[in-house]
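Below you will find one chain, with nothing else, as structure tokens; this is the form predicted on its own, and questions on how it binds or moves follow later.
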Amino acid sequence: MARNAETTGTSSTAVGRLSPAKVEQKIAEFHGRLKERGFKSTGQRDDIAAVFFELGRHVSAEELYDEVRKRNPHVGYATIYRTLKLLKECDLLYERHFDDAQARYEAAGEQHHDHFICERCGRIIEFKNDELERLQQVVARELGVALLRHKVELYGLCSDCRKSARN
């Protein structure tokens, strides 16, 4: 379920991966926020956070566990879950639940984005669409409400699955 770097239309663009410098910045933020909460940075926590930010995609705890074990085979599931919880409490990740109901985690970012989820392969494509954002404000105005937040999840077939369905 790697992130796709393609554009998804004339006014929609895919949201990109974190740069190595941004990964280092996120790790430093994690260290600072752990310290504020009276927690210490440990080698296992650092490995988990580093792998999480380096992956740059929506990941389940199980997928993260598999990737972290390549770097540090001594990390257990409980440590993965505790570290994910700490990263969430430190506002460094978002927990998402799409149609499959499995928790997936993504790095918290400054840029709002929405999601397209392929119903066949499970690929998640993040995108930003200015027209969609504008239309949401129009709807809120027509309803006489104040829009505070939203999430958009589009479901269908990704380009790869569409191509394989045609063959």
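One-based numbering along the sequence shown. This one's a predicted model, so the numbers in the text were calculated from it and none came from an experiment.
Not pictured, yet referred to below: the form predicted together with the DNA.
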Complete contact of 51, 71 and 90 with the DNA in the predicted complex (any heavy atom, 4.5 Å): no
Segment assignment from 126-134, 22-30, 111-119, 39-47: heavy atom within 4.5 Å of the DNA in the predicted complex: 39-47
Heavy atom of residue 62 within 4.5 Å of the DNA in the predicted complex: yes
Distance check, residue 107 to the DNA in the predicted complex, heavy atom within 4.5 Å: no
The DNA contact at residue 94 in the predicted complex, heavy atom, 4.5 Å: no
Distance check, residue 55 to the DNA in the predicted complex, heavy atom within 4.5 Å: no
Members of 77-96 lying within 4.5 angstroms of the DNA, judged by heavy atom, in the predicted complex: 78, 79, 81, 82, 85
